[in-house]
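Below, in structure tokens: the form predicted on its own, a single chain.
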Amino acid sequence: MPDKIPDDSVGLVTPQTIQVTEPLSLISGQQLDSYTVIYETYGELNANRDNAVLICHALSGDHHAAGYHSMEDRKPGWWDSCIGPGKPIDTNKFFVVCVNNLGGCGGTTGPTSPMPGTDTLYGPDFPLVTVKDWVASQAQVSSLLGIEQWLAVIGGSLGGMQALQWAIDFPEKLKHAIVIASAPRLSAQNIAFNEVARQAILSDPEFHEGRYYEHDTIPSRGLRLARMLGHITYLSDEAMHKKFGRELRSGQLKYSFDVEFQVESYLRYQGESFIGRFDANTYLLMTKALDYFDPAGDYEGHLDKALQRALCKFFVVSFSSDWRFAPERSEEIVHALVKARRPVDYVAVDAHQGHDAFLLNIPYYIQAFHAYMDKVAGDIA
């Protein structure tokens, strides 16, 4: 934590919870009769209630998108680079809401939550959820918060998929959809990466078919490997070269299988830190939600037909070195929107940081994001 909270920070924030008692029918055929959602808000809702912006998080994200939980925090929320006074998502203008998705492990009902009326945790019995389910649950939360229409729904990566689904499923409930570093569906290669990550967890001896809570253990080895694999895909080759090159940790080769290169040390650190903050069953659920996402599937494989339902304006952003969700995937969305005759602005950012670029303070990206959000602010009454 800095000695002084930066002037462009939302400052100290406190998570809030809301109980949803309206049943939620899931795409899988199962139903949640009720559930709890944890969320954070930044800025103030205006008198007309028309300046609300929804932030949708990516796979390993959560509700803590900006600011600090305490003066002892070492780092702010995961999208602090873009949310705060004077930043693209300007909290002097917008009322910002970020929720932790169903199946998460940050306080929203998921595998680590007790099943209704019991002390037994859901574990592997928590139903599989999809992006459509998340959007439906977010719509229920919106109603409880008294927000009839979002000024914008914004997300990067898996969050961008949610923004796209919002425009299709609830066209009258948002004015802008902002889709960053995302895709209309996963490629076979991406599904393959997710499957390898899941197998690392499923094959861990401590997984116990997802009932590791009952054995007072966690599948740390599998979760560590899943995170290490995922993290490699979030960075570009150039980003890794700039950050690590072939630097040795001790300055000389040891001719052993211990950590020798700096990049090895970095990946092991990322894997270890992930174990303490993320649940393995949640990781399995989130990657499956990624795999299942395909809004064109409900429209005979035609994305443009799906997007003909949309009434909002779109802003799509891609990054040149993002090989997980390459610019071509964003362009698929743009082409479908043009074919559907829907308004869209598209920015292709030249950046070496890979998929994680959407989280970073890259000047051209921030400027373009800022410019579009100024247009969004113009729609506030």
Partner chain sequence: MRVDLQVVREWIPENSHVLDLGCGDGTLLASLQESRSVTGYGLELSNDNIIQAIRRGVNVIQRDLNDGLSSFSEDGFDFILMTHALQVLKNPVAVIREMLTIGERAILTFPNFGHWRNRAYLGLKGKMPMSETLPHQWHNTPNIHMCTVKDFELLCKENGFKIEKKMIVDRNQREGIGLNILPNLLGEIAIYQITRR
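The shown structure was predicted, so the numbers you read here are calculated from the model rather than taken from an experiment. Numbering follows the first chain given and starts at 1.
Keep in mind that the form predicted in complex with its partner chain is missing from the display, and what follows is about it.
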| message | Is it the case that D50, even though its partner is missing from this view, gets within 4.5 Å of its partner chain in the predicted complex, heavy atoms only? | response | no
| query | Applying a 4.5 Å heavy atom distance criterion, does R329 contact its partner chain in the predicted complex? | reply | no
| message | Can you tell me if D379 lies within 4.5 angstroms of its partner chain in the predicted complex, counting non-hydrogen atoms only? | response | no
| field | Proximity of N361 to its partner chain in the predicted complex, heavy atoms at 4.5 Å | value | no
| said: Heavy atoms within 4.5 Å of its partner chain in the predicted complex: which stretch in 59-67, 332-340, 41-49, 25-33 meets that? | reply: 332-340
| field | All of V97, V141 and W150 with a heavy atom within 4.5 Å of its partner chain in the predicted complex | value | no
| task | May I ask you to list the residues of 356-375 that have any heavy atom within 4.5 angstroms of its partner chain in the predicted complex, in sequence order? | result | Y364, Q367, A368, H370, A371, Y372, D374, K375
